[in-house]
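There is one chain below, alone, in structure tokens, taken in the form predicted on its own.
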């Protein structure tokens, strides 16, 4: 399923932007036709040697990950929001400011990639977790305001639904790195009871996969980044004869290890919480329309592409009367595309009020 392309925008002097500011990656779709994505990490050189090596004072995305040993690396988003924005007592004031600064720089970098050298006014719609608090949303707004002239924060699964024109009797499940966000659409703006946020998402799978590999192969030298890469390349939930065989160092020497069961178990861990949340959203929906929403469930987000996930969810929904689950065609940009479409449809007067 793909969002309809929008070919015009309201003000030719304004660049409209839709952004999915995710825990793992930030994706941007702009009215100038550009679509960009960057891994949500930023790094500062550790010393003069690393600064000379890199030739810059700040590094982002895959480049930052590639040179992370030479950098002070920050991944500022956790569970879909800026780390420590929920509870400032968990860190020092200096650390909190560092994470806020890193979030600002990532937004600024992503917007700059989409600008393509232009200096237009920028109006942005940013997707956030479905149940992000007022404080979380305000932190995201503050992170964006140095890079844009006006900004609105909306529920990420709602922006996916808006982009797909699935505004009535539909259930969107956006599965990212930090959160799984569910949103029930019924022809009006979703209310609090229409939305659910789970934290058993991609990061949860990475940590579980790392734990299982270490338990079953205690001599393996593996990091969370290696576990994430294994999941991205091989993640699956269905029964299959294919094996997941990887090369992992053991005492500095590469060794071939079969981690099929570990990968399957870790990836399947996200399924029960999703089925429970879907069941609750269906059970509390108007009974006359429950059958329609069961047959209109859409998966979005990077983790939606796990092999066999749509079919396994359908099997789990049998106890609720069955259901039909499909996936968006472009999981990386579905949220950003929908946010851009929403930005086009916002009245100019609202944008000016938010400046």
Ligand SMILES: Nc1ncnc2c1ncn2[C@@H]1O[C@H](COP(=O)(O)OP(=O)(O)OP(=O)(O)O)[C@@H](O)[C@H]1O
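Positions refer to the first chain, counted from 1. Note that this is a predicted model, so its numbers are computed, not measured.
The same protein also has a form predicted together with the named molecule, omitted here; what follows describes it.
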**Fill in**
in the predicted complex, the residue from 228, 137, 100, 115 with a non-hydrogen atom within 4.5 Å of the named molecule is 228
**Item:** Contact assignment for the named molecule in the predicted complex, among 296, 305, 290, 50, heavy atom within 4.5 Å
**Value:** 305
**Asked** Just one stretch in 228-236, 275-283, 163-171, 88-96 has heavy atoms within 4.5 Å of the named molecule in the predicted complex, so which one is it?
**Response** 228-236
**in the predicted complex, residue 18 touching the named molecule (heavy atom, 4.5 Å)** = no
**Asked** Hey, in the predicted complex, does residue 341 get a heavy atom within 4.5 angstroms of the named molecule?
**Response** no
**Request:** Considering only heavy atoms, tell me if residue 178 and the named molecule come within 4.5 Å of each other in the predicted complex.
**Result:** yes
**Request:** Give a yes or no for residue 202: in the predicted complex, does one of its heavy atoms lie within 4.5 Å of a heavy atom belonging to the named molecule?
**Result:** yes
**Message:** For a quick check, can you give me the residues of 16-30 that have a heavy atom within 4.5 Å of the named molecule in the predicted complex?
**Reply:** 20, 22, 23, 24, 25
